[in-house]
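Only one chain is included here, represented as structure tokens and corresponding to the form predicted alone.
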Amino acid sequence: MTVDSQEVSTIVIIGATGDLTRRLLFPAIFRLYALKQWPNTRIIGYAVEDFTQAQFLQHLEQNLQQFEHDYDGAVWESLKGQIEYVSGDLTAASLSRLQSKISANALFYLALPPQLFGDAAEGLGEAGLSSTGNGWRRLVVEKPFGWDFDSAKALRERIHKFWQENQVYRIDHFLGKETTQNLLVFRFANRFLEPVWNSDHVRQVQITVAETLGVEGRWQYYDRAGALRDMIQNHLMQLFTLTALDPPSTWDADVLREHKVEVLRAVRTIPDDQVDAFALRGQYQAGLVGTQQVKGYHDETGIPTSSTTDTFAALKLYVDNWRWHGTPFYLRSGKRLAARFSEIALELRDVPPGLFGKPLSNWLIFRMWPDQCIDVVAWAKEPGLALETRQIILATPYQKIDEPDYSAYEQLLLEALHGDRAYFLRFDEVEESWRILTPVLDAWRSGAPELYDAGSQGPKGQERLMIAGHHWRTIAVPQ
């Protein structure tokens, strides 16, 4: 991690009373502070609620007690002395009151609903808070970055009125996950992988992020977004580019991100009249998740019975470059599935069948949930007198029991504070991903998603995306 030569002084969380702050940001700050990894940084919470300083601190403490498993009252007593609360809206007149409370170096984190990102970026700029002066100013923006290509472009234009691209940190917490970053290290630190990391040897790539949860109170956002926008366009597209990119010559933020953009630019455009062969959407109905009977999407609080929002989305992509031409990448994500399960799985092509009488293929699996692990599915001799094969799994747990466990938000908060942009998105990444999905979004303006039972593997129609001989891996907790 590249550390800034000047020490960070202030982080301002815009939307400090919201759900993101209470569930993720402040618990991450608390853990970093407890581990003595938090810089000497003042924290300013900014929101519209007319809280006093004492009320805000009480609000934070109550949420930490709820969401932080290792809550320590002594740590909180020490940390809260660095926290201040300011009440206000997103107008320049109100935001300008922050000017006297921050120093030369300041990071502004937009923990807001996405429809307010543009207002906040402009308001901060009009208040003069984007001006670097004697230090630096940075803006952290959460996903989603627009709802389609046009809105993403419009958001970029609003942000760039006052903020330079090198000041903007578009955060995708999947890029802060240890297993995601280990994918790159494992790929590029082990020479034996590079000769087979291409279409000559890789038959298919499957990227799955499955959830057992439903809407969980986020219906106002989710019913507008759906699985394609909420998960595929950002989280899974990032996993896809990290899997497919060419080796960078140096570990540099701009070099790494340029390689990711090259992948996206090489993705074959989905023909408007062939969307059904490349994309599928589903929507869960009532079913059994584990031992719990759950209701269908239309029965969730706030969801209109006419909603055609996708709670499951699957996509087939081809990368038309020298490395990957002909190898399909399958991406899928959905809610209310059989298990909480996330992995990137590469299948190597079959060995010739003549030697053992049947085709044998290997899988290389980067699992992110329920555990962080690298699996190699290989073949060995079956014990006995006959020359028979059996499948074996060479498993390497990523993390040891006594090693510190950092969340994605802890990792990315520190990198934003230190000015390391490698795991943040550049604007052309965002726009290229929307370009890829535009034919799908246009096609899905009409019709309806395929229904699937909660607790199942998802819509049966997802198999139609697979080319001959390919099948989706089972969504299940590894035994």
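From 1 onward, residues are counted along the sequence shown. All values derive from a computational prediction rather than experimental measurement.
Below, we refer to the form predicted together with ligand BG6, which is not included among the displayed structures.
My question is simply whether residue 174 lines the interface with ligand BG6 in the model of the complex - judged by any non-hydrogen atom within 4.5 Å. Residue-level check for residue 174: yes, a contact with ligand BG6.
Looking in the model of the complex, any heavy atom of residue 335 within 4.5 Å of ligand BG6? Yes, residue 335 lies within 4.5 Å of ligand BG6 in the model of the complex.
With the partner left out here, check for me: in the model of the complex, does some heavy atom of residue 260 sit within 4.5 Å of ligand BG6? Because no heavy atom of residue 260 falls inside 4.5 Å of ligand BG6 in the model of the complex, the answer is no.
Can residue 137 be called a contact residue for ligand BG6 in the model of the complex at 4.5 Å between heavy atoms? No, no contact at 4.5 Å.
Quick one: from 80, 156, 323, 143, grab the residue that has a heavy atom within 4.5 Å of ligand BG6 in the model of the complex. Selected residue: 143.
Exactly one of 231, 121, 317, 111 has a non-hydrogen atom within 4.5 Å of ligand BG6 in the model of the complex; which residue is it? It is 231 that has a heavy atom within 4.5 Å of the partner.
So which of 289-297, 71-79, 216-224, 381-389 is the stretch with heavy atoms within 4.5 Å of ligand BG6 in the model of the complex? Of the stretches listed, the one contacting the partner is 216-224.
Let me know which residues along 191-214 have a heavy atom within 4.5 Å of ligand BG6 in the model of the complex, or say none if there are none. Only 211 sits within 4.5 Å of the partner.
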